[in-house]
Each structure stands twice: as structure tokens, then as C-alpha cells.
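Form predicted on its own, single chain, as C-alpha cells, below.
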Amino acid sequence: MVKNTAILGAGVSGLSLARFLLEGGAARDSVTLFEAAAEVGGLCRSRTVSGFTYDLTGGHILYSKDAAVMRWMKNAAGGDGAFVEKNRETKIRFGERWVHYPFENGLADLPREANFDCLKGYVEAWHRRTTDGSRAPEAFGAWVRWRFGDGIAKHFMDPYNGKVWKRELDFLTSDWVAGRVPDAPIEDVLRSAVGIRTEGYTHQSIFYYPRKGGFQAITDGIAGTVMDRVRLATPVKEIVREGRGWLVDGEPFDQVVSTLALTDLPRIVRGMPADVARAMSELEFNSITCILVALDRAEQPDLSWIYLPHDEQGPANRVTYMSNYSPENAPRGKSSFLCEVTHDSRAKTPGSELEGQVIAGLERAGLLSRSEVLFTDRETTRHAYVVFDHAYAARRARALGWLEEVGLVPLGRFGRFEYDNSDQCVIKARALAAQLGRPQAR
């Protein structure tokens, strides 16, 4: 028996789940997607302004350890010919210097005193860990010093992460870095400090990006065969349990999969216990404002993205060389930056002064001249980054536990409050489609 399924949200998770369900044999009338926005894409949307294309929630790339999922995503958007293959070239801007990324693999690029500070601290931290057998601290700020030492903390990790998270670092746990920050061998750090080049994060040395349309070309491609099932500009206002099924704004469904942010569910799911609603509502997250800077400059350094750790470099923490991703991302003879500024979701959204602050910071960093700026464009996204504070695990467990009890299925980066990239969203959508009883698409 085919179940009538409602999918709330038409971002990469919701669209992928719909595709896997339908390609796995579900009847054409069995899946309905509700999307509050006027277009699909969610956190993977892009925009083109006067010939300049940029991604609205930061610089995305296509890379995955799951070859089948990467192939599926590429095929959905037109296959290999629709993508540009890029070598990842990332740097840290440190004063007027370019420092190799990751930071501990680029110590020789630093001024001599900073190089010494970082090497001394790294060796001391390594020695303490190996002699006392200490476990990784739970607080992120303490973990930084345990893992990298005082020098790298002072010169890079503290200022950069302060910009990103907008909180004291010990407010966060170290859980979110597990599996994301490779442990550089001490020999590599010693080599890097004396100018022998070493590499880190080699798993993303090559990535792919759509030739036209920005990263949204992928979600548009995934949506291609299910658009007749998507109800755009249709925000869900009420979810009510009825018998074995659900009512979504009064319409009956056998099962509901929600990619909506857990923090938003208390206002629309009826009958939620007060402690569950509180746990969901108090989950911490950051918002992001992304600013396109269109430049009257034909050439750019051969860079993918860079990190700006210091306050004098302005409020942006990361700058993507957007026009380097694809020749179609800027008109001929022009180029562009995509600047990311995060902010605490509880804080006031930055006003019109932000663009001027970003440009002034980039100018001080030696990345542009104000006279080169043609125009800017911006987009603010409310849910951008999960914040892993010390209450995160307990709040999330209570929220997901209750959803499992009542049979409301969560999916997606904020649907489950997980730090997932787009490929991981597709992987989990594929797994959920199989779990819901459909054969897996090949």
C-alpha cells in the first residue's frame, strides 16, 4: 500500500527525499512538498544580479566521499559537462601575508615571532597530551589550547572562531570539531615551521561547481522531476496528529517528513509537551548575511576561498572568490567576491552599514580597492549554522526523542540540527527513503 507523504520544505533534503521515493517506485500522487519560499533550494539557493551569480548562504562546493551520491547530484544537474572541476586553493590572510591552509601547515608563512609562538605552543601542547594522556576537553576554547597550543590559539583560532560563532569559545563544546579537524602529525607541523611545505585536508583537493546558475543549479536539477509535487509560497501553519496519520493545514497525510527547523516546530505542531517545546526553542543557532561584491577587475588570484581572522579585516570571516568557481559567475572582464558575515540569531540583523564595513575591511586587508567596486548585493539567512553549546545534546535528544515517539520524521540540517553539508543531506535522504519502505534508487 502506497502511503500519502507530506514533505515540509523543498531544500536539498526535501527534494532529494522526494526524488528517491518516486524513483524507488512510489505512486505519482503519493508525495507532496510544502515550501514557504517562492522557489525551491532552501540553503542552496543562488542569485544572479547584472550578470554576477552568487550563493545566498555562503560559498558551496560539490564534493563527497560517497561517489554514488556525487554522481547522482551531478547527473541531476546535467552531468559532468555542466560542472567545472576546480583545484581547492585556500589561504588565510594574515596582515599582508598569505598563509597556507590549514594554519598549522603554513607556519613558515607567518612573521618570525608569530611562527615561533605557534610552533612553541604546538610542541608544548603535543608534549602535554602525550605525557599526561589527557582526554580532549569538552569546552571548545580549552580544546583549542589542548589541541593546538597557545600560539595558534592567539594568532588564528581564537580570533577566527570568535568572528564565526559570536560567542565566548568555552560557551561551545568541542563536539562539533570531531571528525572535521584532522590531527596534523607533529612532524608535519615541524616541517611547515621551517618552510617544508606540508598539506592538510587533502580530501577536498578537487571539487566541482555548476558552470551556470550557481549551486542552485543542483537543487533545481533535483527538483526537475518533482516540481509538479511542490507547492511554492505555501508555509505550513499547523500540524495536527489525527489517528494514525497527520493533518497538515487541515489536509490528511499518512506520514509527514519535516525539514523545517526544530526551533520553529513549537509554533505549528499542536499538542507538543511544554518541555519539548522549550528544548526545541532553546536550541542555539547562528544566522548569516552574504554579500556579493561585484568588481571591475578582470583578473583574480587563483584562490577558491580565504579566511579573515582579524578584526581589522572587517566583519567578514570568509571570502569566496566567486568568479573563480565558474567563468559564468561574472561578466567577461569582471570578477566578484562572496563575503560571509555571521551573527547570533538573537541579535539584530546588521543594517545597511554592513556593506561599507565589509568593503573597508577588505581594502585594509589589501584584497580590493574601493574604486573597483561596481555594486553589492546581500541576502540574510536566519538558520545558517548549528551552535553546539553545552545544552545542545540534551535539548536535541529530547526534541528528536519526542518526534520519534509521535511519528513525525525529521530530516535535514536544521530538521535534525546537525552540521551536514549538501552531500550529507542527500545521503541521509537516501537512507530515509529506504527506511520508509521504498527500494533505494540506483
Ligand SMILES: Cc1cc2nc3c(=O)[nH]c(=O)nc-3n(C[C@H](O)[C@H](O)[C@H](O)COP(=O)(O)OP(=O)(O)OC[C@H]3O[C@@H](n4cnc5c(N)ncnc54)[C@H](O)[C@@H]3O)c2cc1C
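The structure displayed is predicted, hence computed values, not measured ones. Throughout, we count residues from 1 along the sequence that is shown.
The following text describes the form predicted in complex with the named molecule, which does not appear among the structures shown.
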So which stretch, 293 to 301, 87 to 95, 259 to 267, 160 to 168, is the one near the named molecule in the predicted bound form (non-hydrogen atoms, 4.5 Å)?
-> 259 to 267
Close approach of P410 to the named molecule in the predicted bound form, 4.5 Å, heavy atom | no
Does the 4.5 Å heavy atom contact test between A10 and the named molecule in the predicted bound form come out positive?
-> yes
F215, heavy atom within 4.5 angstroms of the named molecule in the predicted bound form | yes
Any non-hydrogen atom of E23 within 4.5 angstroms of the named molecule in the predicted bound form | no
Looking in the predicted bound form, the residues of 382 to 405 with a heavy atom no more than 4.5 Å from the named molecule, listed in order, are A384, Y385
